[in-house]
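Taking the form predicted on its own, here's one chain by itself in structure tokens.
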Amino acid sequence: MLKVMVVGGGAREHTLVWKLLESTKVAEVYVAPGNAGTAAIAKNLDISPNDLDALSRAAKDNGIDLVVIGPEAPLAAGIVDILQRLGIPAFGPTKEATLIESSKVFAKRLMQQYGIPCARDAVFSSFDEAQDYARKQRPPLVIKADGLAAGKGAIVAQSTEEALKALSDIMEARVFGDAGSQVLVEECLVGRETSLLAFTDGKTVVPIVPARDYKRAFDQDLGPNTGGMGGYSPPGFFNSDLTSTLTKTILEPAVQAMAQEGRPYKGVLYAGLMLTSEGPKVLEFNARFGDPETQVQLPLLKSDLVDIMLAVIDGTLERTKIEWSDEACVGVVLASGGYPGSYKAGFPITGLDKVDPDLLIFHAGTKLEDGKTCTAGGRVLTMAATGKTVADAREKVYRDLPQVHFEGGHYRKDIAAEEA
């Protein structure tokens, strides 16, 4: 029986803990730092995901057999490399492989070199040069910070003025810190946005059931970009032929390219995609499970997640059978008032005990205060349900959502509406 440690404290990590505990091979799960939801089913450790020394010490001291890393920041900082040196199996890419997410410039050059379809772009480290270039382009433009920005580093500018403001915010005001030392100015791709994730051991690539997420804060895709306000799986337009095409033209070439670059990629590879009139193109790569995609994908996984993760680490994914349910799953994020801007926290959450027991509640920004579950972040909860169809799952979620309440809470009312 294995002791597993999950790194992170969001709804993605709560979902991972929940799924790992379904495995007959798992004895105990630790979470660093976890949240109020994980505290009910696992052992929370008061350790920041970015404190690599404390994480590696905790893994060693607690006799951990497998570490699963949720967020991108510890991956980019090299947590997998440290754990490997200690002889502790870790699920996730090394620091060198995580560059596919932690540097947008590296990812774009990799795609261009190896013929992976993507948007045209220009890269700048000079604010003045970036401004001059943006003024000469026809909007809309996409302005991207090169480094990690918690999923908020890409701004779609509908006008030249918006593009110049985005450049000023990123490069001068440094709203994303050092992530803004370089920027990409890209053409704005038009089409249907979606994502495809896959497990890979550096050789074999096995796609995960497809999902669609919603980045904008408000209904009808209005408002600022967020980390994600909900999602569903599988999208009706995403058939097996499209999955096969995207695996062969994007995911497999990316994994092969990383191997050729001497940065073998193991873990989950996430491709954010735009299905354009010219064919599918990559918006970005991420080096880990998505959030909120994980909350609607893992409930559909029938196979043992531990078996998959160990096969990825051992390089035996080719011999591992992965099965998915033929049901659907819909998840809706409840967020704090003001998110993704400034918001207040510490409000009690009521109604969690009133929802249908079949509903899945994955905690993100929550904490326990005097025995009460309170808000502690921007995205607070993801409420998810499975059903025979997307419409069935959607009806279940939205029927129970009003039961759960905290001051200022808001959620989108149009998640998966196109499938209803």
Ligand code: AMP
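If you're wondering where the values come from, they're calculated on a predicted model, not measured in any experiment. Residue indices: 1-based, along the sequence shown. Rigid core (definition): largest C-alpha set, two forms, superposition within 1.5 Å.
Unshown form predicted in complex with adenosine monophosphate; subsequent notes refer to it.
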Only one of 139-147, 198-206, 340-348, 77-85 sits within 4.5 Å of adenosine monophosphate in the model of the complex by heavy atom distance, namely 139-147
With the partner omitted here, the residue among Leu251, Leu298, Leu189, Ala107 that in the model of the complex has a heavy atom within 4.5 Å of adenosine monophosphate is Leu189
Checked Ile322, Ala154, Leu164, Val175 for heavy atoms within 4.5 Å of adenosine monophosphate in the model of the complex; positive is Ala154
message: Although the partner isn't part of this model, could you tell me whether Leu283 comes within 4.5 Å of adenosine monophosphate in the model of the complex, counting any heavy atom of the residue?
response: yes
At 4.5 Å between heavy atoms, is Glu193 in contact with adenosine monophosphate in the model of the complex? yes
Requested in this report: May I ask you to check whether Met274 falls inside a 4.5 Å heavy atom distance of adenosine monophosphate in the model of the complex?
Outcome: yes
Proximity of Lys215 to adenosine monophosphate in the model of the complex, heavy atoms at 4.5 Å:
yes
In sequence order, the residues of 107-129 that place a heavy atom within 4.5 Å of adenosine monophosphate in the model of the complex are Ala119
After the core is matched up, is the C-alpha of Tyr270 off by 2 Å or more between the shown form and the other one? no
Core superposed first: is there a CA shift of 2 Å or greater at Pro140 between the shown form and the other one? yes
- Kindly check if the Cα atom of Phe285 is displaced 2 angstroms or more between the shown form and the other one relative to the superposed rigid core. no
